[in-house]
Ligand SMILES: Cc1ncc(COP(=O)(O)O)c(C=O)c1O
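One chain comes next, on its own, written as structure tokens: the form predicted alone.
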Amino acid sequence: MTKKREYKDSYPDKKLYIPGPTEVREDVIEAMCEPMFGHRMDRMTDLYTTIVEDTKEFLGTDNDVIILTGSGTGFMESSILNLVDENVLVTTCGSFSERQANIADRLGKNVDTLEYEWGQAVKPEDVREALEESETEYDVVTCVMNESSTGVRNPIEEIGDVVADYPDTYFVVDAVSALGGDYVDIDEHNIDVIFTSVQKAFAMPPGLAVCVVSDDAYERELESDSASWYGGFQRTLDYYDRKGQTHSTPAIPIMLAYRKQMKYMLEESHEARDERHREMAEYTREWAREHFEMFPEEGYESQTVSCIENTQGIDVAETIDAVSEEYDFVFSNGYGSALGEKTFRIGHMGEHDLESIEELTDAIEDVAGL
């Protein structure tokens, strides 16, 4: 049985290079310290409409945006409830895509999986073949944009173009560890639902989830008998249209932080943010190939999380502890029992830049004797 471990008054500050949460600007954290106000006041309408419309502008989408208190996993679940009557095709290539299949199964849906070995990417031609050859009419196809357990970036744009040829099938994308750090044209590639968590590439404190919903997905949910109450598209979007607020009490302090950080993101622009993340990813891959190997299939490496194969057989846990102790930097072991010690992961997302990533790799080299 888990026993209480008392939270202390002070802990050493550590710079985070994990797949999330990531570093947050000091003034974004300070934005959470405003006096509390009611979630039905005009002030709340000002705050919520600001962050929703700023998000639409940043992402360059004409689709609707929902921002709710919770984890991106909540929208992973509600998108299945809202859009799947019976059948869903889940593409799996790692832990988080497998989670989507598990959620759909637990919700009582008929789940078919298009499975890949961990480290491999989903191929658009395989999705087309699965849709063409199956006798099942799928309500939804799902895909993870950025499989942070393996460091794979799936080609969701091309997959969305494939699903577009099947107008009765909707395309749902988990972009939890990518959106905001890896550019995607949502409207251009038939993405009906795409969701993220703000503690990743958005570089905000944890506690909010963002979901972009197409008109077709909204209309589809109106026909559903099993739509989510909390994450229902109709319930959330209709309330926003009427009141400019959320239907349930939100995490107001985190929304204040969101407002502050989104202004920074708009100032930088989606395209420039994408380029900065690309530079960090390319540097990290080059460094990894000099000392180790990349774990993902070549050509499908993540732009926000590098998963590095431990070809030198270093003690990853010991190295993580030593880097944390000596440099106050924290990076991640491989995901779970499947990839722990066999790989390690560096999160280069949010407000990191090339210089800060170089600081981490220098520290790893020093501690591991590379």
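Quick note: we count residues from 1 along the sequence shown, nothing fancier. Owing to the predicted nature of the structure, the values given are computational and were not obtained by experimental measurement.
The protein also exists as the form predicted in complex with the named molecule; that form is not presented, and the subsequent description refers to it.
- Although the partner is absent from this view, Met76 contacts the named molecule in the model of the complex, with a non-hydrogen atom inside 4.5 angstroms.
- Among residues of the shown chain, Ser177 is one whose heavy atoms approach the named molecule to within 4.5 Å in the model of the complex.
- Although the partner is absent here, Arg278 lies well away from the named molecule in the model of the complex, with no heavy atom inside 4.5 Å.
- In the model of the complex, the named molecule sits within 4.5 Å of a heavy atom of Gln199.
- Only one of the listed residues (Ser71, Gln245, Ser224, Gln234) places a non-hydrogen atom within 4.5 angstroms of the named molecule in the model of the complex, and that residue is Ser71.
- Screening Thr284, Thr142, Asn146, Gln261 for any heavy atom within 4.5 Å of the named molecule in the model of the complex leaves a single hit, Asn146.
- Partner contacts here mean any heavy atom within 4.5 Å of the named molecule in the model of the complex, and among 185-193, 154-162, 169-177, 134-142 they occur only in 169-177.
- Residues are counted as partner-facing when one of their heavy atoms sits within 4.5 Å of the named molecule in the model of the complex; in 95-122 these are Phe96, Arg99, in sequence order.
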